[in-house]
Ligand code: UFG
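Just the one chain here, the form predicted on its own, laid out as structure tokens.
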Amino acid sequence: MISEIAEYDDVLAEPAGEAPSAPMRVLVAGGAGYIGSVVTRLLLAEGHRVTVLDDLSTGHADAVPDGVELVQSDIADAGTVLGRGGFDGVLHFAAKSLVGESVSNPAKYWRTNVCGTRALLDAVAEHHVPRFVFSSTAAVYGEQDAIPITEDAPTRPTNPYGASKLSVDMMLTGECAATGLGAVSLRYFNVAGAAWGAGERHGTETHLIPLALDAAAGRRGPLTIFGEDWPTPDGTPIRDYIHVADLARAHVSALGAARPGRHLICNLGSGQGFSVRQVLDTITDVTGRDVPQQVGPRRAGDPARLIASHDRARAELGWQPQHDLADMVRDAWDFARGLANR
């Protein structure tokens, strides 16, 4: 698996800001999923010892690279792994993340995302793990008037998924103050692309770029654009997209930036906004294929614009994104075609 990283040597050669100066032993909860598996591969390539904990309810065992132990278990049982001792940090990606499902089945989200994380943090405290990096989300912000969104913006999630993630952020603030844990919450905007042989393979896909690529490839019907009467230049919503390779570098930097007793919260986004139509045009430019599409009504709760400020991540993590939208589309397209040819 490590040989697959060669195509991203330019990414790995770049400084990772506050990256750990010495190899660490880390547990990656949810490391068989999309983002977790990409971060796992980067950690392994940089010389860290990695164990993945994943129940494989949405992840894939073959997404875990050679050289990494996979423990198939729930995060509530993380103590059985951390109890071996010697772990320097935990990166936590294990969560339910479908907004619509969180509305129809909120108990599932409170149980997994909040209660599961509470059990994980109990194990972290019991076994004296000093660093914790949490996969948070821009969904904690909900509707915002001021753009770009900073970490000081009011948090007002519009669904149980966002509320569950915000609950964990609040939990971490108290945990750090009480126990001396060093934690970093990374609030993602829209993650896309593929890196080091890993990419998106969701059973239920809700993200624009993979849905549009599937439509362009004829693997699904026309893409639905949810409204073209938004107060934006072309009438479609604007979002901030970040390459998963850039996201992975931020996680490695966050391990080094974790300080005892401090809970640091950083947005991860490109700081730029692209409309739905701009994304579809980029897909056509990269793939040479038109995206079959149809226009539907607006979705309730969708904001017109969501764009991140990543000034804090730049200052605290020494991080800034290196890849543009065309890179995200190109890498996602190559990964999807590889899956189709298996």
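Throughout, we count residues from 1 along the sequence that is shown. Note that the rigid core is defined as the largest set of C-alphas that superpose within 1.5 Å between two forms. Keep in mind that what you see is a predicted model, and the values were worked out from it rather than measured.
Below, we turn to the form predicted together with the named molecule, even though it does not appear here.
Visitor: Considering only heavy atoms, tell me if T155 and the named molecule come within 4.5 Å of each other in the predicted complex.
Guide: Result no; T155 lies far from the named molecule in the predicted complex.
Visitor: With a cut-off of 4.5 Å between heavy atoms, is D302 one of the residues that contacts the named molecule in the predicted complex?
Guide: Residue-level check for D302: yes, a contact with the named molecule.
Visitor: How about A258: is it within 4.5 Å of the named molecule in the predicted complex, going by heavy atoms?
Guide: Outside the cut-off, so no.
Visitor: Check V103 for me: does it contact the named molecule in the predicted complex (non-hydrogen atoms, 4.5 angstroms)?
Guide: Outside the cut-off, so no.
Visitor: Can we say Y34, V81 and F87 each have a non-hydrogen atom within 4.5 Å of the named molecule in the predicted complex?
Guide: Not one of the three qualifies.
Visitor: Within 4.5 Å of the named molecule in the predicted complex, counting heavy atoms only, one of 173-181, 245-253, 93-101, 110-118 shows up; tell me which.
Guide: In the other structure, the partner sits against 93-101.
Visitor: Among H263, R201, R131, R239, which has at least one heavy atom within 4.5 Å of the named molecule in the predicted complex?
Guide: None of the others qualify; the residue that does is R239.
Visitor: Using a 4.5 Å cut on heavy atoms, which of L223, L186, A163, A123 is close to the named molecule in the predicted complex?
Guide: Looking at the other structure, the residue within range turns out to be L223.
Visitor: Note that the named molecule is not shown here; using its position in the predicted complex, name the residues of 264-280 with a heavy atom within 4.5 Å of it, in sequence order.
Guide: Stretch hits: a single one, V276.
Visitor: With both forms fit on the core, has P292 moved 2 Å or more by CA between this form and the one not shown?
Guide: No; P292 is a residue whose C-alpha shifts by less than 2 Å between this form and the one not shown when the cores are overlaid.
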